[in-house]
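The chain below stands alone and is given in structure tokens; this is the form predicted on its own.
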């Protein structure tokens, strides 16, 4: 009975939204609906309202009060000039490059544009990241990657005031080991931020405790860093964010998430060219994924079916819906955070989970062995032979 509890939690969580209707071809859906997103404010309004299923949350209300209104709001913000340059590791100037204004005609064109956006568009700017870009002595400790003479995941751009700044692209957090979609588990921006704060003569605060592979970007009064997520299972996910505050009822919810993330990341002063975030969503939904190398008859597959598949559905990229946190091992804070707390936690996908920890949203387990032997999810450890087989199976997903 205990092993069935995760599934029962999903089925009895009457306050949770129903699982979204799956879209068999989310990228194709987005190509077909591009004109609506680009030109129809009413469609975008309907999509954001349906995806923010807890409109009373501060995270949701801030967006509902400003996004796709009949007039004004964030739609009235100036559009950012999509002109950027790589950040050279040796400090030398790099050539400026402009993301195209043309609207792609097919899926291949949208995906190619989205790949560029993933690497080039500054999704946010932070003073401590700009400071870090000038401190090569800290790059290795902070987990920055240097590729072809540039800092992977950072980009130069001109802000709304005409000042040259350094921003963060998707690749900084979601191109671990140089693989698009993989969480950058070596990244330690909390440590870098604490060094920046100290350089300004202030106490380092809680940032240093974030640890590698974890970030807090909620900008509220609560320190709640979360593990950076792999992106491969988004086509099967029912919700975005650890607490599931955004419901992925249509692929448009992902593009709107990117658009509003950009606006908040640039201090509500500018919005992105809308075709770029639509392309980004298509690219993320079509990322190449690791291929399981575990044989179908691997003994760990049977253990997984008995202990894990009730929540982590193999037919959905080993992802699931929302679960109530009662009885789960680990920190339940994100389920009740002031900004996004829904009272639930999202069941993440497990494709590529063997690439390394930290595991669980609070990063408390460094290895899969530690996670399994602790008896995730309810503190019910499996027998030693089952545990070893399950870890080996997970390492090959």
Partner chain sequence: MKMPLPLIALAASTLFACDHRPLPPEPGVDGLEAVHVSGHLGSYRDCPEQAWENLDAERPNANLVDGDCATDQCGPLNCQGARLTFTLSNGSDTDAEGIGALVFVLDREGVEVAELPATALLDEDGDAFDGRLAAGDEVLLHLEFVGPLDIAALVGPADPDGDRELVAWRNGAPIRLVVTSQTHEDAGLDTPALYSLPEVDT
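Computed from a prediction, not measured in an experiment: that's the story for all the values here. Positions refer to the first chain, counted from 1.
Missing here is the form predicted in complex with its partner chain; even so, the following discussion is about that form.
Within 4.5 Å of its partner chain in the predicted bound form, heavy atoms considered, which of 74, 191, 157, 304?
None of the others qualify; the residue that does is 74.
Contact residue in the predicted bound form, from 65, 331, 40, 49 (heavy atom within 4.5 Å of its partner chain)
Going through each option in turn, the one that passes is 65.
Quick one: does residue 257 come within 4.5 Å of its partner chain in the predicted bound form, counting heavy atoms only?
Yes, residue 257 lies within 4.5 Å of its partner chain in the predicted bound form.
Closest heavy atom of residue 266 to its partner chain in the predicted bound form, within 4.5 Å or not?
Output for residue 266 is yes: heavy atoms within 4.5 Å of its partner chain.
Does residue 341 reach its partner chain in the predicted bound form, with heavy atoms at most 4.5 Å apart?
Residue 341: contacts its partner chain in the predicted bound form.
Just to confirm, residue 359 within 4.5 Å of its partner chain in the predicted bound form by heavy atoms?
No, residue 359 stays farther than 4.5 Å from its partner chain in the predicted bound form.
Between its partner chain and 78, 200 and 207, in the predicted bound form, does every residue show a non-hydrogen atom at 4.5 Å or closer?
Per the other structure, all of 78, 200 and 207 touch its partner chain.
In the predicted bound form, which of 309-317, 98-106, 84-92, 207-215 comes within 4.5 Å of its partner chain (heavy atoms)?
Residues of 207-215 come within 4.5 Å of the partner.
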